[in-house]
Structures are given as structure tokens and as C-alpha cells.
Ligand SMILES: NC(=O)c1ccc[n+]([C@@H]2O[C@H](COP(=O)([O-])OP(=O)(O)OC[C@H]3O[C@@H](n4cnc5c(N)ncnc54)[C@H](OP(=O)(O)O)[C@@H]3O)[C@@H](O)[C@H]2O)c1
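Starting off, we have a lone chain in the form predicted on its own, written out as C-alpha cells.
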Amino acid sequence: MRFKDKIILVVGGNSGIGLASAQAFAAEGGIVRLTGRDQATIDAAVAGIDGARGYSADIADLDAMEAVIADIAAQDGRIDTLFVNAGVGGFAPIRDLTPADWDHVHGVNLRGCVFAIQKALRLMGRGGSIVATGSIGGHAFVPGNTAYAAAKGGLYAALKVIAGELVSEGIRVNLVSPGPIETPLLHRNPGMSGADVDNLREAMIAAVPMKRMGRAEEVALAVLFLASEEASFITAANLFVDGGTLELG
């Protein structure tokens, strides 16, 4: 019960890693608030988490995120733990990459994440914890991954600065960077057919020393550790949950 009676906001908590983390926070006593873009999956997530409240909000829409924070301020008065998990994929070789591709990926994975943190901070105080989802894709060569790598690498750089700015306020900021994880995001890469996704998944498994995809629940365990008092002396860290891919692959 590491999060008993704490207000937890999971941005992008309606599927995959976000949902697994929201469920795990609730199982340890957390009072969960979550966002997503699809109302049906938001409703399903909230229905399965006792006491949860959900919001339909795209992290790239700063006004929508402002409304979420304003409602939490009015109803709960604080945020103890913020998990910024929302993200999108997108592969395009550099010769085919368009400004629209770039802006879409960065609007969610970098700009949206940074400003979600900024907005939530006014409800956070000493003892608060922020965790964001990065990716090994921000540190490794993956063909066609220019926009995504730049956004996730940029998020890592931004969070180091944010962690340094907030350390004197007693708010910890950390990143969890998954490797190949079995989540719906794998099937939401624009321009990729079902066969392309299958081929990508096989290539991912081949690159993982453990020779399997990770599970969302395994990433959630790392998220909860970083968010908890067990990690009270950890800030500005980047925890890889990748089956050894980055260092051993």
C-alpha cells in the first residue's frame, strides 16, 4: 500500500503501460485519475479501477489538459504522483519524413509531455513524484525513427533539467524507458500495414537478449518503484526496462 490515499494522475492511462500502471497504483491504495483520447477505453479503464475518474483529453491539446488539471484542482486539491505516459509512434525514412509527421510526434511525445508536467506542478508539493515514459528508441539506432527518437531523446534531456529545477522543492522527476513492449501502440504506427507490424515485432524480438517482448505490467512495476518512497534518493534517473536490449543487444 505504498500509495494509500495519494492522488495519482496517469496521463495516457486508458491502455497499455498507462492502464497497467493505473491498475497497479490503485491496487496499492492510490486514488487514480487518468486521461486518454478514446472515450470507450477510458470508460472501460475507469470501470475496472475502484474510485477512478477519467478524462477525455489529448495531451497535445494544451487547453484540454488545462481543463483536466483544473477539475482535479477543484475536486481533489492536489496531485501526489504524476505519470506522463501518453505517446505516439511513427516511422518514416529521412527522405520521406514530413513536417506534419514531425509535428505530430513531437506534439505528443515532447511538447505535450513537458507542458502536462508544467500544468500539474501547481498542484504538487514536497514529497511529490513525477515519472514519464521515455524509450530506448531515444538512445538507439532504429531505421525510420528520426522523429520519434528526437522526441524521446528530447524528453530525456528536458526531464534532467526539470529534475534539477525541482529538486530543492522536494519533487522527484524520473524517466522509465521501455524496450519492445506488447502494447496497442505497436499497432498504431501510421503507414504500417498489419504485415509490416508483424515484421517489426519479429525484428524487435530478435534484438532482445531475452528473446521476447516485454509486458506492460513489467514496466508498471518500474514506474511504481520510481514513484514510491522506495526511490526517495533517486531523481533525474532513466531506468531502462528492455530485457537488456540497449546494453547487450
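The structure presented is a predicted model; accordingly, all values stated were derived computationally and were not measured. When you see a residue number, it is the position in the sequence shown, counting from 1.
This next part talks about the form predicted together with the named molecule, which is not shown.
Each of R37, V88 and T183 is positioned with at least one heavy atom within 4.5 Å of the named molecule in the model of the complex. Among heavy atoms of L224, none comes within 4.5 Å of the named molecule in the model of the complex. By the criterion of a heavy atom within 4.5 Å, K152 is counted among the residues contacting the named molecule in the model of the complex.
In the model of the complex, the named molecule sits within 4.5 Å of a heavy atom of D58. Taking non-hydrogen atoms only, V108 approaches the named molecule to within 4.5 angstroms in the model of the complex. Contact with the named molecule in the model of the complex, defined as any heavy atom within 4.5 Å, is confined among 67-75, 157-165, 130-138, 95-103 to 130-138.
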